[in-house]
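Coming up are structure 1 and structure 2: the same protein chain in two forms, each one given alone as structure tokens.
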Structure 1
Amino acid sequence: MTHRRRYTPWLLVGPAVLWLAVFNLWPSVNTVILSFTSARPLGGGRFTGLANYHRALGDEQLADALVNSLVYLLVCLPLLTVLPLLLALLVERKLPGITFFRTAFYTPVIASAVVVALIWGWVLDDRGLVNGLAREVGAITHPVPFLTDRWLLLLSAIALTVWKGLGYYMVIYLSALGNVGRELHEAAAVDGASAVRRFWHVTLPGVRATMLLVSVLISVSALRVFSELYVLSDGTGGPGGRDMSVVMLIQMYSRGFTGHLGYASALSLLLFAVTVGPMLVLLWIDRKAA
């Protein structure tokens, strides 16, 4: 009986460990190996050392993609960290009709990213709803190139990401606000603290750990953006391909029978390194503020 109990835990975790090893660990190790080769989809390739990484240093498309990712991060991080918290403070109040607004704010989250991006593409097209209304009221004489200008396309994709992510992070903040003791707010109110002071000195300290979690999630998502830019640019990456994200670049190099799997793997590892950077910075800031 004791002998059986000794192996029971391993039998229970065995399938999960096998799944992780086959579908997570081995692909990660294989990506590292492939990044040092000239592998193709239909061939093993040969060992090329650091050639793929040297190529990446001179890749102008990669430089543009990194700039796009940095802009995405710098805009999305503050907006999606602060706005969902303000929304959560609003919808947690017991106001008439607040259930409707909770549902409305969360609806974009459950919608398909591709479908939403297609709708936004129709709305922002040169002959779409926004340009049509602006032309009707006389605000513009020529269509605003939301989808054909490099920076306007990038900002349109960022707006889509922020709009779609508000509800998701709002729910995370709602769960955190539920753990902030109401007695603290009541005590602060009795001491004469205004609503703003209670927000700064009671609410924010109570949700600081959640803000760190949200910031990390936003950073990873912003640096790995794909669907928004891909659909809004119709898969072209914008004018001259300068609106590609790093993930779009990886997809471009790895697809088809003539794809460069070795170079795509090297870009994947570079993206991993770039993604870890903001996470470490956020953890350092949180530790300094503690």
Structure 2
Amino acid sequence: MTHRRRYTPWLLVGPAVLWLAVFNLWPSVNTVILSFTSARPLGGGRFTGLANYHRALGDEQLADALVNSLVYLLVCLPLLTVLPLLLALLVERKLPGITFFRTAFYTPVIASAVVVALIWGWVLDDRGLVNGLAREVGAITHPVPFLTDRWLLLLSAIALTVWKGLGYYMVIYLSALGNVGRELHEAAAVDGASAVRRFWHVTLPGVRATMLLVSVLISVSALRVFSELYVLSDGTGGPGGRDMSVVMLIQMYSRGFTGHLGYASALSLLLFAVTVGPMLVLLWIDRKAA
């Protein structure tokens, strides 16, 4: 049959377009609409103007959450930009058994954040592995309250995010390193350039664009953190609920009798506004470089 039917492309792309409309475009529009209403998880709600935004301005828990996000971002960004690159350089060289190491280093990435947080919750417990070992060697007399102190809990969650992210960004760097000319490296080595000089003058310029992309990915995902904080704090948000993230607040307000979908939507838009920042920075740098 050589007759080409004009609707065939739409048959192929149709389901995806349906999903695009129902589960991506409409929810985006509806988030804006809902943010001006008093919609509840169990139904109902009416137009309330800017009431939700007004409420957000005076929300102390939200202020805490934004501070937490900032700390999260500032700690994650340098660590996750640099450490995975070093790790990629370590596993780049084809030594016997290197595939095993690469796969093993990727394991935390494929595990659910819930699984990872439960494991670390046990490791960092008052009577867990870290406190046990530290006490054994006499470094401490009382357990370090990793999971019950406002700042230590946040830092523990950050450590967990960094630990879980190492392998993910390592693979991205690995893929980028594959494109950095091997000849260039060899030429530099033959010229007697030390490993450190080769790193600064050959490797780094070669992966600069990737570093930029990675740092944007890190920033956005640091602002989106949820599971680590939720599980480490047993859903409570830590002492006084001060260790909430913005997404935890969204989840909290999207459920149950005390829920408020309108307010949760306003918080969602705020989250969007915050995550757009890093992406705009990327575009701006990209423009300037071009």
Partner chain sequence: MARGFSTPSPAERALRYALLLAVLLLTVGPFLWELSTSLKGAGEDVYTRTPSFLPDRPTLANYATVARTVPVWTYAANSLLVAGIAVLGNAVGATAAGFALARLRFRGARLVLGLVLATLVLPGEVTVVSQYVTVRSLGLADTLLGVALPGAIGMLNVLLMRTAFRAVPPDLDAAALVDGANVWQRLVHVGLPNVRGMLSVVVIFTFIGAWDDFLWPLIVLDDPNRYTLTVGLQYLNGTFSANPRLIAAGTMIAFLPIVAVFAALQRSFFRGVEEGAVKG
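Rigid core here is just the name for the largest C-alpha set that superposes within 1.5 Å across the two forms. Bear in mind that the values here come from a model prediction, so they are computed numbers and not experimental data. Residues are numbered by position in structure 1's sequence, first residue being 1.
Mind telling me which structure is the form predicted together with its partner chain? Only structure 2 matches the form predicted together with its partner chain.
Is Leu79 among the residues whose Cα moves by 2 Å or more between structures 1 and 2 after superposition of the rigid core? Comparing the forms between structures 1 and 2, which are aligned on their rigid core, Leu79 does not shift its C-alpha by 2 Å or more.
At a 2 Å cut-off on C-alpha positions, does Phe100 qualify as shifted between structures 1 and 2 after fitting the rigid core? It does, since the Phe100 C-alpha is displaced 2 Å or more between structures 1 and 2 after the core fit.
Spell out whether the Cα of Leu282 moves at least 2 Å between structures 1 and 2 when the two forms are superposed on their rigid core. Yes, the C-alpha position differs by at least 2 Å between structures 1 and 2.
Once you lay the two forms on top of each other by their rigid core, how far has the C-alpha of Leu42 moved between structures 1 and 2, in Å? Once the two forms are fitted on their core, the shift reads 2.6 Å.
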